[in-house]
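Just the one chain here, laid out as structure tokens, in the form predicted on its own.
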């Protein structure tokens, strides 16, 4: 009795034909639609280092650390939940959600982004800010030195 039902089930399965897609070597038949939130992408040139993305990230994958003149922003993408909050709050649109969803990897460095920003410090409050001129971006502190007698 049991053998007969299993044989019947196998015949039904063979009649259905192929129901799976050849992944990952086959063509992508159904690309993600509009509004899909895949891997985040960070445009280092647009980032001003405000840290808004780190403040709203529920998974805490964005970590900030400051040295005297440099702000280091690290993105540990293996913790990302693809909520997209970081992209929503970025005032410069430096973070975008791509349609990339095939993120399986054996190397943790594939899911890690490090951004170092040279930041000037405010003479009054000491907070860091992104320098406005190209000369300030030369990452040289104390560019002008006082000469004695002047």
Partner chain sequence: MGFDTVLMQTWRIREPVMWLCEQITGNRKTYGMNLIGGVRRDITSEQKPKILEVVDRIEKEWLAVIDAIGGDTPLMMRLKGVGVLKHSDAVNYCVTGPTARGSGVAIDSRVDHPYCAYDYLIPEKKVQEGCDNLARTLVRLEETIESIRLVRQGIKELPEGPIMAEIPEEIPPGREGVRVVEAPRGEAIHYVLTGENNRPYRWKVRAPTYMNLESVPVMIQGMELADVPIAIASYDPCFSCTERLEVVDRKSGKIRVYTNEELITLSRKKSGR
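Numbering follows the first chain given and starts at 1. Basically, rigid core = biggest C-alpha set you can superpose within 1.5 Å across the two forms. Everything numeric here is computed off the predicted structure, so don't read it as measured data.
The same protein has a further form, the form predicted in complex with the partner chain, not shown here; the description that follows concerns it.
**Q** How about residue 33: is it within 4.5 Å of the partner chain in the predicted bound form, going by heavy atoms?
**A** Yes, contact at 4.5 Å.
**Q** In the predicted bound form, does residue 16 have a heavy atom within 4.5 Å of the partner chain?
**A** Judged by the heavy-atom cut-off of 4.5 Å, residue 16 is in contact with the partner chain in the predicted bound form.
**Q** Report yes if any heavy atom of residue 103 sits within 4.5 Å of a heavy atom of the partner chain in the predicted bound form; otherwise report no.
**A** Residue-level check for residue 103: no, no contact with the partner chain.
**Q** Residue 83 near the partner chain in the predicted bound form, any heavy atom under 4.5 Å?
**A** Yes, residue 83 lies within 4.5 Å of the partner chain in the predicted bound form.
**Q** Residues in which of 40 to 48, 111 to 119, 66 to 74, 53 to 61 have heavy atoms within 4.5 Å of the partner chain in the predicted bound form?
**A** Careful reading of the contacts points to 53 to 61.
**Q** Out of 1 to 26, which residues reach within 4.5 Å of the partner chain in the predicted bound form, heavy atoms considered?
**A** Those in contact are 1, 2, 5, 6, 8, 9, 12, 13, 16, 19, 21.
**Q** Determine, after fitting the two forms on their core, whether residue 17 shows a C-alpha shift of 2 Å or more between the shown form and the other one.
**A** Indeed, residue 17 is displaced by 2 Å or more.
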